[in-house]
Ligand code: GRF
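A single chain, nothing else alongside it, follows as structure tokens in the form predicted on its own.
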Amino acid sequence: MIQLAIFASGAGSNAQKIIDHFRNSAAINVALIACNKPGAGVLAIAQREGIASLLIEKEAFFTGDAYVPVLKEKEIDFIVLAGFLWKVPPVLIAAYPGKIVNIHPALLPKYGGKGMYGNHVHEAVIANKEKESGITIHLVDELYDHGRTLLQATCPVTATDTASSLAQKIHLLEHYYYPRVIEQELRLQKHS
């Protein structure tokens, strides 16, 4: 059984979709929710779903062991970033090479990098009068919003779109594709 850890910073809508997707899986289990914000909605989801949670402290994450011993103790095989707003430190990337996946609410390499998250992305897309936006699901490396792309999915940006309406379109793409791409990548890695 592959043990997943989901790292999230906010309400946890993507985390919930991933939990729902793997709820009855015989091969993949969501074993841990890691969060860097006390009181975040994703922690309530973990409690309601009976999933262990870990509150990440900034100093230990960035200058300590990045919680690698805790993840190894819980036998975590793969890490899913679902709205996790901190850059993953090199020690964690080294411990899980090619086994950390992220979702970004834009078509990378455009609108990526430090400060490009949530509505900041959607506002920039609209301000630049882009005709389409979308999501990028990618493996994580040492650079922000970089690493091998697993999938990009698009949606139109209309003249009447606001950051809020574009965010709704992006959430639909995220909720549909992210659990499926995670499952596909885990199956590929298992057989490689």
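When you see a residue number, it is the position in the sequence shown, counting from 1. Keep in mind that this is a model prediction, so the values were computed, not measured.
There is another form of this protein, the form predicted in complex with the ligand, and it is not shown here; the text below is about that form.
In the predicted bound form, the ligand sits beyond 4.5 Å of every heavy atom of residue 25. Taking the partner from the other structure, the ligand in the predicted bound form has no heavy atom within 4.5 Å of any heavy atom of residue 107. Taking the partner from elsewhere, residue 112 is found to have every heavy atom lying beyond 4.5 Å of the ligand in the predicted bound form. At the 4.5 Å threshold, heavy atoms of residue 12 reach the ligand in the predicted bound form. In the predicted bound form, no residue of the candidate spot (77, 98 and 186) has a heavy atom lying within 4.5 Å of the ligand.
Shown here without the ligand, the chain has 82, 83, 103, 104, 105 in 80 to 111 lying with a heavy atom within 4.5 Å of that partner in the predicted bound form.
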